[in-house]
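A single chain, nothing else alongside it, follows as structure tokens in the form predicted on its own.
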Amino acid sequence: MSRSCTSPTAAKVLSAVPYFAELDSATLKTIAQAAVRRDYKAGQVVFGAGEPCAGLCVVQEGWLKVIKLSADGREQVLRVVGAGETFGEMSVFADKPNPATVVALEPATVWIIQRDAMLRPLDRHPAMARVILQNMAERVLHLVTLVEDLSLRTVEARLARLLLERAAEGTLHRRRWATQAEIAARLGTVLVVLNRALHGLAAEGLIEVERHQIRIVDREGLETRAMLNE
């Protein structure tokens, strides 16, 4: 698919991203013309850790995970990204290889903007630079919190916090790809430990676990559990 044919679609996708929301139409069009569309199948690797910077990636549709892999293949999920979100900023703005691996969790469409096309507008659009700085700061804070959780909190506490953060109206609806193995990787543990934590919280009457959803029964109790340290 050529850039000239896809730039209107790219411009529409990019305009919904905070990075580009305040740009004038001419600048947005220029960036959109530099964007290349890529479609990925479930399980397909977008790029691997250590590979050269591919550019800033904007998700049009689908879900992907950003992960680190140990030498023995154990996986730690750093982020899960969906439509309207971005990834790849670290390598773009640090001019370094990709620090993590990105894998599609389901069929996904991503627009990739080359590094030079991202950097050129920054000098002329300080508002864009401020949004990017804020976003990067939030990513760093997220990683600091992740390190704190992995180092200091129990698996049950990490699970409780995840449920409190992600459960809409008290219920976490699990997507098809959100298996217990995926949840374990997100919490930095293994499947058997996650199952033990789920059963423990359920036995205490804090949650109810069903096939495709987890419902919070006692929010106050779950909040208390989320604060427990190792």
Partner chain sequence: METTIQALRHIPLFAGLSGETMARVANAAIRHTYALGETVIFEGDPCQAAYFIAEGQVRVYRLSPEGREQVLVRLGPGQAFNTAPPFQRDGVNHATVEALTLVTLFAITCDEFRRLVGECPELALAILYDFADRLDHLTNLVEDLSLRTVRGRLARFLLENADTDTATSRWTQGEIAAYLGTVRDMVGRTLRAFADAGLIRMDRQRIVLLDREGLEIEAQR
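Residue numbers count along the first chain shown, from 1. Note that the structure is predicted; figures quoted are calculated from it, not measured.
We do not show the form predicted in complex with its partner chain, though everything after this point is about it.
Exercise. 61-69, 29-37, 169-177, 196-204: which one contacts its partner chain in the predicted complex at 4.5 Å, heavy atom to heavy atom?
Worked result: Comparing against its partner chain in the predicted complex, the contact stretch is 61-69.
Exercise. Within 4.5 Å of its partner chain in the predicted complex, do we find a heavy atom from each of 17, 21 and 109?
Worked result: The answer is no; none of 17, 21 and 109 reaches its partner chain.
Exercise. Wondering, does residue 85 line up within 4.5 Å of its partner chain in the predicted complex on heavy atoms?
Worked result: Output for residue 85 is no: heavy atoms all beyond 4.5 Å of its partner chain.
For this session: Indicate whether residue 78 is a 4.5 Å heavy atom neighbour of its partner chain in the predicted complex.
Result: Output for residue 78 is yes: heavy atoms within 4.5 Å of its partner chain.
Exercise. Hey, in the predicted complex, does residue 132 get a heavy atom within 4.5 angstroms of its partner chain?
Worked result: Within the cut-off, so yes.
For this session: Report whether the minimum heavy atom distance between residue 143 and its partner chain in the predicted complex is within 4.5 Å.
Result: Output for residue 143 is yes: heavy atoms within 4.5 Å of its partner chain.
For this session: Go through 135-173 residue by residue and record those having a heavy atom within 4.5 Å of its partner chain in the predicted complex; state none if no residue qualifies.
Result: In sequence order, 136, 137, 138, 139, 140, 141, 143, 144, 145, 146, 147, 148, 150, 151, 152 come within 4.5 Å of the partner.
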